[in-house]
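The chain that follows stands alone, in the form predicted on its own, written as structure tokens.
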């Protein structure tokens, strides 16, 4: 899910990444709507609010809403900055770091909301700012590593693309195109997962309140842990194979008195896993 980059990713990689992160984004957006009466996974409406507040001359509100938009932008910038600058060192680390920061943001919102939140306007604005930054991180990461195939924090473009695709499917030549069918499957999976995440958050909110953000954080940990588990399993398999090869070479060298040569191919493969 997080180990591969751009064109090396398969449709299955993008579907897993898209559905899991869209589920988290759906939870975050509905949670912010119910708790703060504002959306946090997209900024389209906030551009309109900025324009309206400028016309009204409400400069404080203009600055606050513009700050929210900028933080979403900053989150996307930060995620892609990490990907392009850290990718050569370790793909998994570069791709999981933005999600890790997003988890910290969600935990901060949950902890503050549960123990310190007094429902003041300033607190609400600050918590929304943190959530928008986190959603910018997520959307920037998924778009960056998937070559812009996966965007999961809002569904405006997704719904538009689905409408275009389904209109194309009225012609047989497009229905038989595997790439278009795969694209439709990916976008449909993201849409359904987002809605299911929102429904889950809506139900959970009435029972656990701000503790919902702990569940969101745990869900994102699973996203990171999936690839960590895959990497550890691959490393374990290569280490096992290397030990067996070394033992075989040792036994052969002892019997034939032939100098042993170190096989570096396995080590190179291990390094390329991450």
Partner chain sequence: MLTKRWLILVYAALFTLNIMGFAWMINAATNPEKAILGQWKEAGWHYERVNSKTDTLRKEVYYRAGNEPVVHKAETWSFLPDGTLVLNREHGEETASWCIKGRGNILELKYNDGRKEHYDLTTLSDDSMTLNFELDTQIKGLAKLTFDRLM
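Positions refer to the first chain, counted from 1. The shown structure was predicted, so the numbers you read here are calculated from the model rather than taken from an experiment.
Although not depicted, the form predicted together with the partner chain is the subject of the following passage.
Comparing 178-186, 90-98, 74-82, 152-160 against the partner chain in the model of the complex, the single stretch with non-hydrogen atoms within 4.5 angstroms of it is 74-82.
Taking the partner from elsewhere, residue 47 is found to have every heavy atom lying beyond 4.5 Å of the partner chain in the model of the complex. Although the partner is absent here, residue 62 is a contact residue: one of its heavy atoms lies within 4.5 angstroms of the partner chain in the model of the complex.
The closest non-hydrogen atom of residue 227 lies beyond 4.5 Å of the partner chain in the model of the complex. In the model of the complex, the partner chain sits within 4.5 Å of a heavy atom of residue 33.
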